[in-house]
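Let's start with one chain on its own, the form predicted on its own, as structure tokens.
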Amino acid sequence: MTGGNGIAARLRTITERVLSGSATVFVLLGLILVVISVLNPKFLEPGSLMLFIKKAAPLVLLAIGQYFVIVSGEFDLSVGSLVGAQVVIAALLINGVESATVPVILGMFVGGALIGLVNGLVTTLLKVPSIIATLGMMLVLYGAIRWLTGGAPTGALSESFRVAGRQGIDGVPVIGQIPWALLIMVALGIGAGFLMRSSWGRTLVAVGDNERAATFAGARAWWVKTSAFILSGLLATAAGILLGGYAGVTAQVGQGLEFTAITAVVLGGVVLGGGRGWVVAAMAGALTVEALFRLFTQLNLPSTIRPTAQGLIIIAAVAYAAVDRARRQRTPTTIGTPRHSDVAS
């Protein structure tokens, strides 16, 4: 392919994405931010925006991990309980001792990878549906949290543990501070983008699109899916470190985050059932959900309305995807959400 043709193909891909279902989330995010800024002009001040990013960053990381799993055709319902268990156990082990911070963080990542590995192997080798396997893991971890804390966590996180979630690079002109959470979120987002451009990413989406065909083509479907679960566990661990640093330790930390992350991914146009979606749109979906909750707060709506809003978002997004899929079947050449052939391009 010549340079001119390559640029034209790239522009065509970008245009398709702008016109696709994934682009809807960017429009929605923009509209919500505009409404929030109209209701509260101070929201656009750098300090307020950075605070919003700090709070949204853990959900964005969870959405990236959930994207890997969902685009492969599976679910991971254990990430919320994993975040809660990681934070509670970290506080118990560190108990305010600075020298224990690094070993505990390393242990958290090992634990997150092991939980992901178990989820993946139970799903791929034992053929247990992932929604059941990860629901069981969610209950196991939730029970562990209750057993360890009795409803009241003990111990304390060290100040160095909380740096990533609370602090940043100070003294930046205009902005004042660039949060570490923002830098971590951007770095992992770029990493996820490059990963989806690799052969692993293309195989992951191909397996989600048609596992049997991908297997006949030589893909190791069981390992690709298992590695997606492992990445989900690692990203949930990173989210737990940010969340623990930002919000502190409670028995409820992480509660319900699995459904919020799924809501974000679906809102980003990632199709439940796998094979179609864009990781950047999933990240935008997380920001949109967080902005929507911020709007609810701005409108003084009760926090109990959030589950209802999440449910409506999932129903609307799935219905939209079904309509879009029917439209594609009627007009095969219609532009739409990226599939495995172009999602990583």
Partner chain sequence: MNALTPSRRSPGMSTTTIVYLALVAILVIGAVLVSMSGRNLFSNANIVDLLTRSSLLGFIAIGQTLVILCRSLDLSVGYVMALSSLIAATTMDGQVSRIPIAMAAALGVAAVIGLVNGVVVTKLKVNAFIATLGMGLIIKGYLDTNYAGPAGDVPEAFQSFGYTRIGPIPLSTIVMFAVAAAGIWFLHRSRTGHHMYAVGGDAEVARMSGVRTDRTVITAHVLCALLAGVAGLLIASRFGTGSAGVYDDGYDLESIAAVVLGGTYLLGGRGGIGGTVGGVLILATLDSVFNTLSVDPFIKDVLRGTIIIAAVAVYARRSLSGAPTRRRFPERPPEPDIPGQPGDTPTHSETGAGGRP
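Take the two forms, superpose them, and find the largest set of C-alpha atoms that agree within 1.5 Å; that set is the rigid core. Since the structure is predicted, the reported quantities are computational estimates derived from the model, not experimental observations. Residue numbers count along the first chain shown, from 1.
There is also a form predicted in complex with its partner chain; it is not shown, and the following applies to it.
- Residues within 4.5 angstroms of its partner chain in the predicted complex, judged by any non-hydrogen atom, belong to 254-262 and to none of the other stretches in 254-262, 174-182, 92-100, 236-244.
- With the partner omitted here, the residue from Ile53, Ile32, Ile314, Val280 that has a non-hydrogen atom within 4.5 angstroms of its partner chain in the predicted complex is Ile314.
- Interface residue among Leu39, Ile305, Leu44, Val27 relative to its partner chain in the predicted complex, by the heavy atom within 4.5 Å criterion: Ile305.
- Proximity of Ile169 to its partner chain in the predicted complex: non-hydrogen atoms within 4.5 Å are absent; the residue sits far from the partner.
- Though the partner is left out of this view, Ala152 does not reach within 4.5 Å of its partner chain in the predicted complex, counting heavy atoms only.
- Although the partner is absent from this view, Trp222 stays clear of its partner chain in the predicted complex, with no non-hydrogen atom inside 4.5 angstroms.
- Interface membership of Gly191, defined by any non-hydrogen atom within 4.5 Å of its partner chain in the predicted complex, is ruled out.
- Residues of 260-298 lying near its partner chain in the predicted complex, listed in sequence order, are Ile262, Thr263, Val266, Val271, Leu272, Gly273, Gly274, Arg276, the criterion being any heavy atom within 4.5 Å.
- Positional change of Leu28 between the shown form and the other one stays under 2 Å at the C-alpha, relative to the superposed core.
- Core-superposed comparison between the shown form and the other one: the CA of Arg294 stays below a 2 Å shift.
- Positional change of Ser37 between the shown form and the other one stays under 2 Å at the C-alpha, relative to the superposed core.
- Whereas the displayed form keeps them at a certain spacing, the CA atoms of Ser81 and Ala309 lie at least 3 angstroms farther apart in the predicted complex.
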